[in-house]
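One chain comes next, on its own, written as structure tokens: the form predicted alone.
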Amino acid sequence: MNWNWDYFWESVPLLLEGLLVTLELTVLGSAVAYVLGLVFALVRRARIPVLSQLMYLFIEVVRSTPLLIQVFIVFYLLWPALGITPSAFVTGVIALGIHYATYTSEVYRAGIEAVPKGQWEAARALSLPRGRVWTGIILPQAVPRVVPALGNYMISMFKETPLLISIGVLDVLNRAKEQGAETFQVIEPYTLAGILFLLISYPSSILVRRLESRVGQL
């Protein structure tokens, strides 16, 4: 199979459209994962009878099953059971967000436990309201410590978006697959998709490493 540079450059606009979808999925899915992950971590730490145990079970089930199966369950079983029909894109954001929230919840938990016990004791000694303790003392110290780990999960999510082709979401890799299927020339679009992933993932990884170094100096 001969390499065709003209075909390679012709594929750029289509794959950039797919890259935009990939980035939108990653940003929105990460936002869901970061918010839900914090909620999951706080619920588990609250040690509320039954609820905390159910949360632990839910996290373990999600972490122990493939993302692809969860996408299928949400799109083909959960939505019909609820009688609603969200788009494939919305389903992808929700599935990615919930899946990664189970991981970010552990990251938040580690960050909260890393807050020195003296901070907790000082808050209790001052009889501060519970909400003030969390928002004014604990979370401002815990969250900055876990930002690099959250960044790593965002990069992982970015690379897992192609799984959403199972429900019809056309991200950058799936645009390449579609292009190749139409022309029976797959090398150029797949190579271009790989380059686009690399151009986003590698600088992001460098940024996360620098954040880790900065956090380590705190």
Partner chain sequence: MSDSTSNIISTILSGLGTTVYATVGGIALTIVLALIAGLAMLSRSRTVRFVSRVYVEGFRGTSEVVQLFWLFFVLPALVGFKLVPLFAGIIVLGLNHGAYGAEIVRGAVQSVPRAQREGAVALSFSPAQRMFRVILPQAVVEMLPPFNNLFIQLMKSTALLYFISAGEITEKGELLRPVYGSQLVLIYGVELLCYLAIAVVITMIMRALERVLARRLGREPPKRERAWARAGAPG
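Computed from a prediction, not measured in an experiment: that's the story for all the values here. Numbering follows the first chain given and starts at 1.
Missing here is the form predicted together with its partner chain; even so, the following discussion is about that form.
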property: Contacting member of 43, 36, 27, 186, with respect to its partner chain in the model of the complex [4.5 Å, heavy atom]; result: 186
property: Sole residue of 150, 169, 55, 173 within 4.5 Å of its partner chain in the model of the complex, by heavy atom; result: 173
property: Options 98-106, 84-92, 139-147, 125-133; stretch whose heavy atom lies within 4.5 Å of its partner chain in the model of the complex; result: 98-106
property: Residues 73, 76 and 193 all lining its partner chain in the model of the complex, heavy atom within 4.5 Å; result: yes
property: is_contact(residue 31, its partner chain) in the model of the complex, heavy atom dist at most 4.5 Å; result: no
property: 4.5 Å heavy atom contact, residue 201 to its partner chain in the model of the complex; result: yes
property: Residue 162: touches its partner chain in the model of the complex, heavy atom cutoff 4.5 angstroms; result: yes
property: In the model of the complex, residue 63 touching its partner chain (heavy atom, 4.5 Å); result: yes
